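In the form predicted alone, a lone chain appears below as structure tokens.
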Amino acid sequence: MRQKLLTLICVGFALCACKNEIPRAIPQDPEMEAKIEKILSRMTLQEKVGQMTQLTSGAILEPGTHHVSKKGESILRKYKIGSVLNTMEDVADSTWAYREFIKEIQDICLDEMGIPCLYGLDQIHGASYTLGAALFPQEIGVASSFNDELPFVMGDVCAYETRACNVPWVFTPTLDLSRNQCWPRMWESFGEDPLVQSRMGVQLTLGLQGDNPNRIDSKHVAVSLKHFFAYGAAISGQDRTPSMVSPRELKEKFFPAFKASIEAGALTIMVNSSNNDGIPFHTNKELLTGWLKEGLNWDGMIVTDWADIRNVYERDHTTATYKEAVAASINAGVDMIMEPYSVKVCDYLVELVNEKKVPLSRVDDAVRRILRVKFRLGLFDDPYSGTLEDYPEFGSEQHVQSAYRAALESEVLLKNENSLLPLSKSDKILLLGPNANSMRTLGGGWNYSWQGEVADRQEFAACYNTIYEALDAKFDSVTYLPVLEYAPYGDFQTEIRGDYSQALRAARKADVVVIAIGENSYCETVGNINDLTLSSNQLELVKTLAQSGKPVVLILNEGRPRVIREIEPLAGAIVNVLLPGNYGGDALASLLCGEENFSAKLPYTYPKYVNRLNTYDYKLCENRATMGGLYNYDANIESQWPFAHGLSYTTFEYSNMRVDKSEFSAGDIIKVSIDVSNTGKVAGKEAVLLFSSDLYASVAPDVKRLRDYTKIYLEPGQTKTVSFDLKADDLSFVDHSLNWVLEEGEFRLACGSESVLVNCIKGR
């Protein structure tokens, strides 16, 4: 056993000796701070609590118009409301419509108190609530690319096209580490790995906000990191249900993505709706004030999720009244309350301050943070984001091509027996399945509407191709049979079944059968399911068509991995397109015919059984051979496909893995190199991933952890040397005292098929 050598590396908590010793996450502008203090000094208590209140657009909108209602104007003026969110009437609208509505809001707020309103939208894979915007794959698809350039480009395009609407704030990136494959918001995240979550979150943040968080220009927006945190670790797998994650694991795996994006300049954070170990995140002062604000010396703003202060009382029952929930949340560190339809929180907050149950100093701190975001966005200088003519690149061909390229790198080739793919353009293709002719399924939720159910309507879908439309344009002979479809309305799982015998007869006349299966669009709690197994209708469809004896290609179009154990052996090729967005069908057609090559890898572990859900960084005791003795102890991991699995039309060979030092100490940099060769006949991109395994530790180590990755392009026969600079301290872990420690002993570094042992001789 190695000797345990403990040293505090970087706690990142309020436990540090003095918060003034911690560099500010975002250096402050003294001139800006002076302006904030001047405004704050003249504000009334009513104006302050109004700034801390956020309403949904429906609370102030005149129905059927793009105008503020008389009632809405009265609310804005009386309660001095500081923020509004959401699209108008719950569906995507045009840039000019947003501008018209938001201009009226700004005119009212500026006239009433001289402070601009902060307007926010859920634009999470491009400007997804804006007509004509270039929509990218959902985050889970971007993660499958293992290409850090893509989230940056997605953020940059999203920011530009969102600001064209005069919307300066978006509720993204989603940094929820997805640790339960049942969770219905898995597709909103970058998957199950902390490093991918951190690096892609940083790039998306930089793309959205630009490189100067103190001076965000009119082509960028403020982000809201969500949902702080452990949201994707719900024990039940159901949305908005509790997690039970230890502080040690919270710090080691869940906190780094938020910390990294805050240090990259993120201006706001949204809180997890649920609770961990019985404590609602909205009332957890240790996390909100201690870990975030004091531990990182962060001067940004914390906003609740939808009506979640009310949920502390009505759902979690940790306070006896709604008013007490308001006090507990604000005192814990919440700065802005998303209470969509009610201004009761304004009255409560005034009462709580007067009753000395919420310190005025806490209110002042919250308002400073809110005003700081508005100053950093330039809203005091120009609350209208110029004019629409200042955004000539909205929906441009360059933006469209960026979204298309992202879709190409997001679709994963999982299986390709006997090189069934690529298909010949002259092949007679029979296309079936409920996902074959739907834009709704390609986009998923947060796609023109909350649930994405409107995406097939003509005003949204006319310019884009479904899988069927894209294949029909690319191949000579494509026949589509709608023998199984999703119901256009109602529960997202409802399916309409036709004549499978007709499909079987048609299959016998085809050269290849392509079946597009998976999930309909859903979002949040609506997407809760009882069984991760693919629907019986879809399983039976595949089984029926396999009887034709013709090659079967399965296209999986799903927000989370649905169990397909029964039908996987029946398919010669399987492609998981995840949720690729508006250009996903076009990308798939180009990949299936071989004009483009697959390069994506799974950003999560694909389960084979519903009761064997695991992530790739499992503990060693979860996968052991049978041992002798009374209990005949046995445990095993059996997945359909592992994390980072993904095939190509070419083959890659890894060789000559080497390190510049076989022994290292804390603080060292270990240079790891490996040669990667394209041994196939076509060019391709390869995501090269570096893993580490701690062979022994004082806390049971994970079987392996991803430590670095990059993506390279290789022509046939070409070899490149890939080098990684691995920080020794990145091999540390969090111990039970919540300290980061690096212990002496051996580590295995692995890349592709190769591995090498290195030895830590001096930890800390």
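Please read these numbers as outputs of a predicted model, since none were measured by experiment. Numbering starts at 1 and follows the sequence shown.
Separately, the form predicted together with beta-D-glucopyranose (BGC) exists; it is not shown, and the next lines address it.
In the predicted bound form, Arg372 stays away from beta-D-glucopyranose (BGC), with no heavy atom inside 4.5 Å.
Mapping the unseen interface onto this chain, Lys685 falls outside it, with no heavy atom inside 4.5 Å of beta-D-glucopyranose (BGC) in the predicted bound form.
Shown alone here, Phe190 lies farther than 4.5 Å from beta-D-glucopyranose (BGC) in the predicted bound form, counting heavy atoms only. The closest heavy atom approach of Ala403 to beta-D-glucopyranose (BGC) in the predicted bound form falls outside 4.5 Å.
Distance criterion of 4.5 Å from any heavy atom to beta-D-glucopyranose (BGC) in the predicted bound form singles out Trp306 from the list Phe380, Phe652, Trp306, Tyr313.
Residue-level contacts in the predicted bound form: of Met270, Ala233, Ala589, Ala366, one residue has a heavy atom within 4.5 Å of beta-D-glucopyranose (BGC), and it is Met270. Checking 578-586, 298-306, 352-360, 392-400 against beta-D-glucopyranose (BGC) in the predicted bound form, the stretch whose residues place heavy atoms within 4.5 Å of it is 298-306. Relative to beta-D-glucopyranose (BGC) in the predicted bound form, residues Arg240, Met338 and Trp446 are all within 4.5 Å by at least one heavy atom. If you take 69-97 and check each residue for a heavy atom within 4.5 Å of beta-D-glucopyranose (BGC) in the predicted bound form, you get just Leu85.
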